[in-house]
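The form predicted on its own is given below as one chain in structure tokens.
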Amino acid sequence: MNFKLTIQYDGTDFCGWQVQDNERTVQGELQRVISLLEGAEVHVAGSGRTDSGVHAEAQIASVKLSKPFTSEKLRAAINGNLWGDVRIMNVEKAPEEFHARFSAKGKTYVYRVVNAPVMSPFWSRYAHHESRPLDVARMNDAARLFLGKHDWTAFSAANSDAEHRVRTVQEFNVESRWDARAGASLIEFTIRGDGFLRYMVRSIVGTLLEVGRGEKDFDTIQTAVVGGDRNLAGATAPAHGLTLVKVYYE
């Protein structure tokens, strides 16, 4: 039976999603627990890899099991054997052909920045701290330069194993709101696309932060997008500010 899992995790203490030898990963934890429940080794397929330190509010995974679990009992059994920084929020039976990665049609990520002189400890694991003033309107205007179908070589890891680097960014908004807990402005960079390369979102956000500080102009961004020159992109934003918030399926 094929199951679709909706997962939340705090990525702080994980070395990313993908299984690695002698490292704690989300996929590794799930495969360890579900293999124990199944009584045999299982493979848990994720919608995509998140890097070390990146969080997820709704990562999707699929797993095929032979034991006759109900969705509710499977969720309870998995959660009962996991540490508190990862949880299965929902389990549902899926068609046999469903695959968390290959069936995915797109994703939305949010990158969060606390823009204040002092960083609240309540946000320190989930948002990047920028003490210098940021021009949110200018960053939102610049975000439009990233819309559309492009080769994202300038904004991805040099060692990416992707077959090609063409992706389509469908929506990209930069918004600021007052956060009472932080006692400061919380800026959210929300980006939706049909897929993302390794470091792509963080590189784009890092570039926009330079725009917000008045260090980079729009022409430079346009040249980087069209020409693929990594030297024109900004510094990659830290991983802990990034969260996968939604995966889209038909």
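Start at 1 and count along the sequence shown; that's the residue number. Because the structure is a prediction, the values reported are computed rather than measured.
One more form of this protein should be noted, the form predicted in complex with another copy of the chain, which is absent from this view; the next part is about it.
**Student:** Check Glu57 for me: does it contact another copy of the chain in the model of the complex (non-hydrogen atoms, 4.5 angstroms)?
**Tutor:** Yes, Glu57 lies within 4.5 Å of another copy of the chain in the model of the complex.
**Student:** Residue-level question: is Ile88 within 4.5 Å of another copy of the chain in the model of the complex, judged on heavy atoms?
**Tutor:** Within the cut-off, so yes.
**Student:** Is it the case that Arg125, even though its partner is missing from this view, gets within 4.5 Å of another copy of the chain in the model of the complex, heavy atoms only?
**Tutor:** Yes, Arg125 is a contact residue.
**Student:** Would Pro117 count as touching another copy of the chain in the model of the complex under a 4.5 Å heavy atom rule?
**Tutor:** Residue-level check for Pro117: yes, a contact with another copy of the chain.
**Student:** Tell me, out of Arg181, His43, Arg49, Lys67, which residue has a non-hydrogen atom within 4.5 angstroms of another copy of the chain in the model of the complex.
**Tutor:** None of the others qualify; the residue that does is Arg181.
**Student:** Which residue, His150, Arg75, Arg138, His99, has a heavy atom that falls within 4.5 Å of another copy of the chain in the model of the complex?
**Tutor:** Residue within 4.5 Å of the partner: Arg75.
**Student:** Is it true that Phe155, Gly227 and Asn231 each have at least one non-hydrogen atom within 4.5 Å of another copy of the chain in the model of the complex?
**Tutor:** Spot residues vs another copy of the chain: no contact at all.
**Student:** Which single stretch, out of 141-149, 167-175, 125-133, 99-107, brings residue heavy atoms within 4.5 Å of another copy of the chain in the model of the complex?
**Tutor:** That would be 125-133.
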